[in-house]
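Just one chain follows, in the form predicted alone, and it is written as structure tokens.
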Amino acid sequence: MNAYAMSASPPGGAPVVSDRLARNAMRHASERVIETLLFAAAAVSVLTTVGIVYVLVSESIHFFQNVSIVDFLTDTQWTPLFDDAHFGIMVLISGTLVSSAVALAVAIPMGTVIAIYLSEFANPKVREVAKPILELLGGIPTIVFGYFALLIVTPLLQKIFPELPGFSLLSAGLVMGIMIVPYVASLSEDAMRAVPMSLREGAYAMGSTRLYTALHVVVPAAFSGLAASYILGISRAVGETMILAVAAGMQPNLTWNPMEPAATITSYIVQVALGDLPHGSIGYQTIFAAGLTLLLITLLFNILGQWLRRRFRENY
């Protein structure tokens, strides 16, 4: 009998498994439990996404049985709650895209510059202080940003642009961009810090400055992570609700001018969700059609980001 496998058998009894093999069996059992828990956690996230898509699609099918999809995509008015109802989703899409463009024009350059500074130029003490403060900014409730845009930023902008109304996409977009900066900066800085030091040292050996190395070596090498942070920023901007509901106004207006008030897809969903529309009515079903449109827009931006990342990897 193998001394490592079995201990001495009691008289007339079966052999006893050694303590070492018993511990191995318990370890394998615990690993299987952990794997099961991890699989269950992943399955919950997937099933939640599938459930959301199912609800949006099923309710939207009922909506499009009463409203032509051509009118939904081409009509230039959005008045689903009026007697003379119009269902032109482009009115809400324009407000969503304009506000997101303003926000990204602030968040992406500012977040990238902050990430370059923290990764390549800041000393460890500054980084240890700045990084938590930056991430703390991302934890502020969005309703606070909304009232900050309405009560602080809008009056300041009105001093520069006297014709600016009390509600505007410009004010909401600027504050929304400030809110997104921590997400872009934190993920971008992590991606840049992951670039091997040997690439920097090779650039320094060729006589490159720290700034040239950061812009022409580190940033291209970290573009995969940068693209992920930009995609997150885009998704965050497109899906933002409370800032736009408070500071941009909720007036459906087909405009590409950020200095005008307009409604977005998310602000309209909030407006209808707080109302007293009966379940199953056309007005109620519009929020699911609008939500499905928002989901498709977000999916489109994610696909575009993946394509850009693959293309960049081919060039470098």
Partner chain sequence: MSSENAGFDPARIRALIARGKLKDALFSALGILCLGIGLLVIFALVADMAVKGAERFNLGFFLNFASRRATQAGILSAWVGSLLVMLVTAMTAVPLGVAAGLYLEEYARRNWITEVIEINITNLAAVPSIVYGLLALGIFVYAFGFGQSILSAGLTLALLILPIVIVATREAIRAIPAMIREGSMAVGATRWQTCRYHIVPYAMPGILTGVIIGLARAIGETAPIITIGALTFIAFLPPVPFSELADGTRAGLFDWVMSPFTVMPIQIFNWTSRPDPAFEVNAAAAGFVLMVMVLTMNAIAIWLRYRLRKNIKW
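Residue numbers count along the first chain shown, from 1. Please read all numbers here as calculations on a predicted model, not as lab measurements. Just so we're on the same page, rigid core means the largest C-alpha set that superposes within 1.5 Å between forms.
Heads up, the form predicted in complex with its partner chain isn't pictured, but that's what we're talking about next.
Trainee: Decide whether F39 counts as a contact residue for its partner chain in the model of the complex under a heavy atom distance cut-off of 4.5 Å.
Mentor: Heavy-atom contact with its partner chain at 4.5 Å: present for F39.
Trainee: Using a 4.5 Å heavy atom cut-off, state whether L104 contacts its partner chain in the model of the complex.
Mentor: Close contact is absent here: in the model of the complex, L104 is far from its partner chain, nothing within 4.5 Å, heavy atoms only.
Trainee: Within a 4.5 Å heavy atom cut-off, is F63 in contact with its partner chain in the model of the complex?
Mentor: No.
Trainee: Classify I69 as contacting or not contacting its partner chain in the model of the complex by the rule of any non-hydrogen atom within 4.5 angstroms, answering yes or no.
Mentor: Close contact is absent here: in the model of the complex, I69 is far from its partner chain, nothing within 4.5 Å, heavy atoms only.
Trainee: May I ask you to choose, among V217, I89, A191, I116, the residue with a heavy atom within 4.5 Å of its partner chain in the model of the complex?
Mentor: It is I116.
Trainee: Could you spot which one of T154, S186, S235, S94 gets a heavy atom to within 4.5 Å of its partner chain in the model of the complex?
Mentor: When its partner chain is considered in the model of the complex, the option within 4.5 Å is S235.
Trainee: What stretch, of 75-83, 220-228, 194-202, 207-215, brings heavy atoms to within 4.5 Å of its partner chain in the model of the complex?
Mentor: Correct option: 207-215.
Trainee: In sequence order, which positions of 287-304 have a non-hydrogen atom within 4.5 Å of its partner chain in the model of the complex?
Mentor: Heavy-atom contacts to its partner chain in the model of the complex: I287, F288, G291, L294, L295, T298, N302.
Trainee: Do you see a C-alpha shift of 2 Å or more at V33 between the shown form and the other one, with the core held fixed?
Mentor: Yes, because once the rigid core is superposed, the C-alpha of V33 moves 2 Å or more between the shown form and the other one.
Trainee: I want to check V44: does it shift between the shown form and the other one by 2 Å or more at the Cα, with the core superposed?
Mentor: After core superposition, the displacement of the V44 C-alpha between the shown form and the other one reaches the 2 Å mark, so yes.
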